[in-house]
Ligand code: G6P
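For reference, the chain that follows is the form predicted on its own, supplied as C-alpha cells.
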Amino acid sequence: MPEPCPRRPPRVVNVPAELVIVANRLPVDRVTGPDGEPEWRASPGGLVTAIEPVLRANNGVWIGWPGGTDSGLEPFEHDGLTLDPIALSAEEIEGFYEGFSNATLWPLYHDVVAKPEFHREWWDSYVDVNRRFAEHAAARAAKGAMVWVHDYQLQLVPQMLRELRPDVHIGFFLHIPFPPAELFQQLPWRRQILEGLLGADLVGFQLPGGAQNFVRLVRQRVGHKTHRDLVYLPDGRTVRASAFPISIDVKGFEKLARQESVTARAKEIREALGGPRRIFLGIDRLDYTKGIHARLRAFSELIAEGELDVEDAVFVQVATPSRERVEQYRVLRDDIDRLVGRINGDHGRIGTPAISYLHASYPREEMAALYRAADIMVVSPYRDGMNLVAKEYVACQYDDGGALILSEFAGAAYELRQAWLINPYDLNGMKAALREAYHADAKDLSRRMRAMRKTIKSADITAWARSFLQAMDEVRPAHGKTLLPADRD
C-alpha cells in the first residue's frame, strides 16, 4: 500500500506552471489514520501514473476536488507533485456532482441505460463550478502554458478558460463515451456543452466514433464548418477532435501479479472457494451501466440447466461502492442483493454458494490476486468508454492463461478482439460465451491471451499520454516548448 503523506503536507508557492492538469478529483484521497486524524493517501488509478513524469518535467500542477466539503485548503505537495485543491459546498456536491454530472450527463452519455434527469438548478451549479475550475486554472498557468482538462464534469472549462487566458493551449479528454446526435440532442443545454468543448485546441475521445459524433453535432447544432476531424471556428481557430484510447500501467500490473505474496493470495482465494474447476470473476463499480444483473442471471441459468455445477464453477462478483447518495445507485444495490440471494438460495449448497458477492473496495494487490485466481473474467457493460478492468486482467495473465468475455459495447472491445465478444442484451449469447470459455482448451486460451497481451503492451498508459501530448505539440506554435518527458525504461 502507498504510504500516506503527512497530515499537514508541505505547502507550495503558487508559481506559474507550464502544465496544468484540471480534473474533477485530485489524485489523493483524505483518509482517517490509525489515531483518528485525517491524512492524505495516493488514490489508485492509471491517470496519475501516465501524467506524473510530465508534471515533474514541466513544473506542473494538478487542480481538483479533494472530496468532502473542506474549505480553505492550500496548495500542497504530495510525493513530489504539486496539488491544488478546489472546495465544493454540500449544495454544489448535490447539484454539480451528484446531480448534473451523474444523474444527467452520465446516463445520457451511456446510451440512456437509465433515464437522465434535466433540472435547471443542477445546470446552474454545473456552470458555477466549471467557472471556478477555469478561474483557478487561469490563475495557475504560466504564459503560453498547456492546460489539460479531463472528463465530463468539466466540459465548460475549455471555453471559460480561453476567455480568461487566450494565450494558453488547451486540451480536453473525455474518459466516457460521447453519444450520438439522437441522444445528445435531448440535453436542453446541448449547444452550451458543445461550445464549451470548442474552447479546446484538441478534444480527445476514447474511440473514433465519439470524435465523429462530436464533429457531426458541431456542424449540425452550432453551424461551424468541419472537415474530417477538424472544426473551423469564425475567429480563425481550428479545433481537432481525435480518438486516444486510454490504457493502463501494463508493466506495473504484471510486476504486481508476479509477486510471491500475490501468487500466495491467489492460491488462498481458490482454496477458500473450495477449489472449483473454474472461477468466473466480475469486478465493477456498482453502476447500472455495468451489466452486473445480466451476467449473474446468465450464470445462474447455466447452473439451472445443468450446464454448470456449483461444485465445479463459482462466480465471484466484486461490486465497488459507488455514488451511494444517488437514489438510482441505492435501488441498484438492493436489486443486486436480492438477485444474489435468490440465486444462492436456489442453486447453492451448504458451504458452496453459486455466487460469492463482495460489496467492497480492495487495494491493487488484492485485485491482482483475484485476477490471478480467476479462470474467466466477465466484463459485460451495456456501454463503457473503455473499461480498464478488462486490460488489467489481461496484464496479470503473464503465463498466457485465462479467458476474457467482453461486451462489444465496451471501448476495450475495439482493441481486445481475441476476447469472447458478447452483446450484453443477448442473454442466450452471453450464456453461450460463458459455456465456450468454460470448456475452451489450453491451446485456444493461450492463443487468444498472447494476442491480447501483445496489444496492451504496445499501447499502455504511457503511450496514451505521449500520443495526446504529441498531438497537443502539433497544435501549439512552433516556438512552443515541448511537454514530452524523456523516454523511460
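Since we're looking at a predicted model, the values are computed, not measured. Position 1 is the first residue in the sequence shown; the rest follow in order.
Quick note: we don't show the form predicted together with ligand G6P, though the next part is all about it.
J.: Exactly one stretch in 186-194, 98-106, 412-420, 129-137 has heavy atoms within 4.5 Å of ligand G6P in the predicted bound form; which is it?
T.: In short, 98-106.
J.: With the partner left out here, check for me: in the predicted bound form, does some heavy atom of residue 288 sit within 4.5 Å of ligand G6P?
T.: Residue 288: no, not in contact with ligand G6P in the predicted bound form.
J.: Residue-level contact is defined here as any heavy atom of the residue lying within 4.5 Å of ligand G6P in the predicted bound form; does residue 25 satisfy this criterion?
T.: Yes, residue 25 lies within 4.5 Å of ligand G6P in the predicted bound form.
J.: Is there a non-hydrogen atom of residue 323 within 4.5 angstroms of a non-hydrogen atom of ligand G6P in the predicted bound form?
T.: Heavy-atom contact with ligand G6P at 4.5 Å: present for residue 323.
J.: Does ligand G6P come within 4.5 Å of any heavy atom of residue 155 in the predicted bound form?
T.: Heavy-atom contact with ligand G6P at 4.5 Å: absent for residue 155.
J.: State the residue from 94, 375, 400, 151 whose non-hydrogen atoms include one within 4.5 Å of ligand G6P in the predicted bound form.
T.: None of the other options qualify; the answer is 151.
J.: Going by heavy atom distances of 4.5 angstroms or less, which of 175, 224, 333, 364 would be at the interface with ligand G6P in the predicted bound form?
T.: Result of the distance check: 175.
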